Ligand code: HEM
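Below, in structure tokens: the form predicted on its own, a single chain.
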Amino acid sequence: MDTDAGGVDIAAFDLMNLPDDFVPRAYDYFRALREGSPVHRNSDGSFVLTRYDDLVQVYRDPEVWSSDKRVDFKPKFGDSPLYEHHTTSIVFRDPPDHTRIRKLFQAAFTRKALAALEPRIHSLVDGYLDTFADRREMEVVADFSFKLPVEVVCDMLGVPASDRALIREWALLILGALEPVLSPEQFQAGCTAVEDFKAYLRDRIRERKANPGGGRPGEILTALIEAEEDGEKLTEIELLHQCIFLLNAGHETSTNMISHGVHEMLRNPGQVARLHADPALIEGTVEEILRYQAPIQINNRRAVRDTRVGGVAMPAGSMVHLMIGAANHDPAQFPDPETFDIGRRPNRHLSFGLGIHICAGNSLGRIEGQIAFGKLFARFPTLRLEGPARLSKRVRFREVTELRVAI
């Protein structure tokens, strides 16, 4: 058996059949793979990559490494609504379609659009913290980390407050379908969620077309509807699926970032004290949280021609799984990587990806994190954990399901 000092078995490691202890011991597995099998072959012939430099190589070469998932998702999803969504979404498209859609999609993330959102983010955070001050205890996910990003992204697309619980349910079902293994029940629930989401968005789009000036500051649904580049506009199907993607990705990653950030800061009270002493460290705080607990743990690419990664030959058609959490803890890039250090410089983590597919909403996520953490730790210097974070069994997204804190 090929193991590290901690008893992690990497010879038998298979992303398609993960061991029961993978989620709680993910970083032990990542370290063992990085040291003993950095280009690791799965049972299905795909490769797991865990070194920082190998991920950077793949991210930076979209001509060799395709993000298009039509071939990969066909056996898994067939001709289903899930297939339609996950092959139309910008994140799973290659140039020239990716280039065209991203230019149109950027209307959501201009400096002007983000600046219009900042007062709303401050107001939302202040409201959540006022409630926390009254109760003196909080379940972070339900009361803070989920609420903030979902409110912001729903504001951006004009979703009324009464409908926002639906967004969370649909998002979990649609994004959950990206897990390596999917049950028939999960597949059907995900397909239904896509169809329900599309019907819901068609109503919102009709309303906005009838009343293009009726949104709140920072709303970008009208901008997406009207966006045009060289005479090209988003088709209806493209518009619907980019909106679903924005609503899903726009809150999922930020929710996980905020949940993990509260947990890691309170597990490291010395870092909280540093932030109190020097509030300018808030930017570094967000970056270190993103590095230390990447909200998205896995990206995938397929080789369009024969190539090599990490000294290993890979024929055209090879699939690689980019283990972001592993790369973010690679000591070759991050000295003393298991130490949580809000003053870490440089901190070129890969939590937002890299290259042409770098997360379009990375600036918004950083703004949300800086406002949320800055206000929380400034206002409640005696904040404490009531217990460890509970993690979901999902592996593509590192999700906290429950985290309780008190004053």
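Just so it is clear, the model here is predicted, and its values are computed rather than measured. Start at 1 and count along the sequence shown; that's the residue number.
What follows is about the form predicted together with this ligand, which we do not show.
This chain appears without its partner; in the predicted bound form, the one residue of F340, Y59, Y27, F380 with a heavy atom within 4.5 Å of this ligand is Y59. Exactly one listed residue, out of L178, L124, L166, V91, brings a non-hydrogen atom to within 4.5 Å of this ligand in the predicted bound form: V91. With the partner omitted here, the stretch from 179 to 187, 309 to 317, 126 to 134, 149 to 157 that lies within 4.5 Å of this ligand by heavy atoms in the predicted bound form is 149 to 157. Under a 4.5 angstroms non-hydrogen atom cutoff, this ligand in the predicted bound form has C359 among its neighbouring residues. The closest heavy atom approach of L55 to this ligand in the predicted bound form falls outside 4.5 Å. Taking the partner from elsewhere, A327 is found to have every heavy atom lying beyond 4.5 Å of this ligand in the predicted bound form. Of the heavy atoms in L290, some are within 4.5 Å of this ligand in the predicted bound form. Contact check at 4.5 Å (heavy atoms) against this ligand in the predicted bound form: all three of F105, I296 and F352 pass. In the predicted bound form, this ligand lies within 4.5 angstroms of at least one heavy atom of each of the following residues of 242 to 258: F245, L246, A249, G250, T253, S254, M257, in sequence order.
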